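First, one chain by itself: the form predicted alone, in structure tokens.
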Amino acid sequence: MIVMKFGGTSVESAAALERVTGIVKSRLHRKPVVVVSAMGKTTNRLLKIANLAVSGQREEALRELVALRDFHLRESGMERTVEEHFQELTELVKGLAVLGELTPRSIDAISSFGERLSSLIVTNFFNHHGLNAVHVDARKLIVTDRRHTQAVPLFDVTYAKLAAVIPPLAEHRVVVMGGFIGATEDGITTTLGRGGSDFTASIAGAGIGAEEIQIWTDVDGMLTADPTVCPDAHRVKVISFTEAAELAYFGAKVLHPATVLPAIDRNIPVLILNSRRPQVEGTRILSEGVASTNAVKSIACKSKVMVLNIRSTRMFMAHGFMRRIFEIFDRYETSVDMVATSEVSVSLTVDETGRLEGILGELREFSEVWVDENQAIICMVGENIRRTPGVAARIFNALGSINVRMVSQGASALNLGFVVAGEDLTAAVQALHREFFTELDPAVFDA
């Protein structure tokens, strides 16, 4: 068995569904289990509707809901199924308008409809085009905790359900399920966080012991840099799990950061493929990478980052300074990407600003804090970094007059990250790409 996950752009229209059907047909002998995202930008539209409803714009929310319903009717032809789901959605939106409040539980309830609908539509499309397909509600199999909008799977229970249900169905039928969604043990709908359909695919693959997990998207695979920043980026043919995880965490949008975790646990290869160009081999992610003559495998970047500079002379030679800082971030459930420290000061980066005001208030109780906005993280990733002398010198030489604000090397020694001003991001990435990817190892990169 293999797991094939198709993202929103891969199932955004009837024409896209025809491409997906052809791709799945070509792999029937491998007993595919198909995981799908919501069609196009459906999740964004659902959340917009919810926000309109709770902000007093009930009629505008209902008009947007009708437009979304018409889109699904036009692209699917499944009038009864679409109408039933949108009747339920309409009642939910009306209820939100009355309450005037959007809770995490209600966010999950409304945002789940995208995958619930798309998985039924894809199943129907497959059956109408000669595939023997069966729909499975992911909420019956992906069991999670109660942390709405970012639920964590209960892996033992989930794996047991997947192993019991999926393999018998997949013997003679194409199993289709929605990504991103799950449910608590008492059946309350949850979601795995934005981009969670990749995570669903990986969980499903681990649970059924798949031989391969395929992530079908709208790019040719993982690249040596973000193509919107560096148009001459090259495809990476093969990469290790640890390298892929670092790239995903530091901004490579092809892969959800958590995707690789179940795959690593079960040693299942992950492929990144392009549904619009299925003939391209994509990127294969393995437990161990292939040896490469290039020091760096790829350059990841994150824009719109804030640097928090925390200084307290009162904490000079005192223990507990770092503990107090990170206890605050823990209480506010805010992740830190990079950290640089000295005896009395700490600089760290965050890209989640929703709880920043509270964090700053508590930090200022015992330290001075100032914030540098509109910064960018650039992260050089590659297992050869730790084995290649002079990488740092090459980086700084390539950057020339671009000022580096902060430097950090991960404990794994396979990434070297630094912060530059946001306006310098494009120039910095392009300069680094010229330095490290002018010559390419053909075993690892596609020129």
Ligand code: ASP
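Predicted, not measured: the structure shown is a model, and the values here were computed from it. Residue numbers here begin at 1 and follow the sequence given.
Omitted here: the form predicted in complex with aspartic acid. The next part is about that form.
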Contact check for Ser37, Glu115 and Gly196 against aspartic acid in the predicted bound form, heavy atom at 4.5 Å: yes
Stretch from 322 to 330, 300 to 308, 196 to 204, 360 to 368 whose residues place a heavy atom within 4.5 Å of aspartic acid in the predicted bound form: 196 to 204
Heavy atom of Gln409 within 4.5 Å of aspartic acid in the predicted bound form: no
4.5 angstroms heavy atom contact with aspartic acid in the predicted bound form for Asn384: no
Within 119 to 136, the residues that have a heavy atom no more than 4.5 Å from aspartic acid in the predicted bound form: none
